[in-house]
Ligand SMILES: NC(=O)c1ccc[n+]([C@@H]2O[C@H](COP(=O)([O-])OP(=O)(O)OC[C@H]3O[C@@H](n4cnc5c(N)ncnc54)[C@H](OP(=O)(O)O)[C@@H]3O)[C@@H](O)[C@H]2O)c1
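Just the one chain here, laid out as structure tokens, in the form predicted alone.
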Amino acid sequence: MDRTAAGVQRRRMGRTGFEVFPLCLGGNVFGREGRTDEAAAWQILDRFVEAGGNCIDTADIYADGASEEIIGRWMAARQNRADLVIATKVGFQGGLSPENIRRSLEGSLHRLGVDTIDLYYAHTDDKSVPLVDVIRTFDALVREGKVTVLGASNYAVERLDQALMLARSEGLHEFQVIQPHYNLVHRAEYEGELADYAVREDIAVFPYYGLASGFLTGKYRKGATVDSSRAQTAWKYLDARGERVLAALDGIAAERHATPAQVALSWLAAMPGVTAPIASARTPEQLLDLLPMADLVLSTEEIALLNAASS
């Protein structure tokens, strides 16, 4: 991990040439009714960059495009596009046909108000479209200067390997970043073959649901009442294993004068291959609770304790 002249931490983003803050800000809550309106989103974005943050993750489907629009208007007002790494996605709705990829890209470029998207993900695998057509279309977008780096979200290791081998055999741009579902209470999907592959191929990894829909903040406990649209998802983790994880997070947080959320994200950032976890904040106050994770380095013993609790 490197630091800028101003002392801000930066992590190497695989083979892409980008360097990013240890936390990537998720824009999935921006513009969603009952979550984060534009004024609050701007405050969150301002606080994030003031702390040294530079990577912002969104998608064409978040709030039906309103997330991209909010980020775009904020960048235009702040005149800070060159300082940021902007990631967005395509394919969760409409699939990965060449026509949908191009149509969705143009929509994202317009909503974000940019000429080039730094990191463009296939949001999910689409087996109805020949993989070679997907790779050729993404490659063309890079060659046209509309995209800089390609990523794959929710891809199994076998399909990821097929995609990379196809790209290399044809001399095309390949996926250099992945976005898996990964956190302390959801480990099996990434750990093992996919993690080993990412490390071996020097693929940057940005885990989503880094706080398990808020469960790892510690607010979901027996007897608690939580008013959140994510509550139904978060409560499912409150079993014996989840309680062990919360107890371990509480103990480490108390010793390190941190919060459970900071400890959970720092654990994630320490895992093999991980570049930066993605986490969203509905309010500026929630963001301020997350930012200290960038300077929290867990010991080998603390990581082992969390690993054991979450096994």
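When you see a residue number, it is the position in the sequence shown, counting from 1. Quantities reported herein were computed from a predicted structural model and do not represent experimental measurements.
Unshown form predicted in complex with the ligand; subsequent notes refer to it.
In the predicted complex, no heavy atom of Thr137 sits within 4.5 Å of the ligand. Although the partner is absent from this view, Val114 stays clear of the ligand in the predicted complex, with no non-hydrogen atom inside 4.5 angstroms.
Put simply, Trp267 is far from the ligand in the predicted complex: not one heavy atom of it is within 4.5 Å.
Using a 4.5 Å cutoff between non-hydrogen atoms, Phe48 does not count as a contact of the ligand in the predicted complex. Using a 4.5 angstroms heavy atom cutoff to the ligand in the predicted complex, none of Thr16, Phe18 and Thr275 count as contacting. Of the candidates Ile71, Ile203, Ile101, Leu211, Leu211 is the one whose heavy atoms come within 4.5 Å of the ligand in the predicted complex; the others do not. With the partner omitted here, the residue from Phe175, Tyr155, Tyr190, Phe92 that has a non-hydrogen atom within 4.5 angstroms of the ligand in the predicted complex is Phe92. Along 32 to 67, a non-hydrogen atom within 4.5 Å of the ligand in the predicted complex is carried by Asp57, Tyr62, in order along the sequence.
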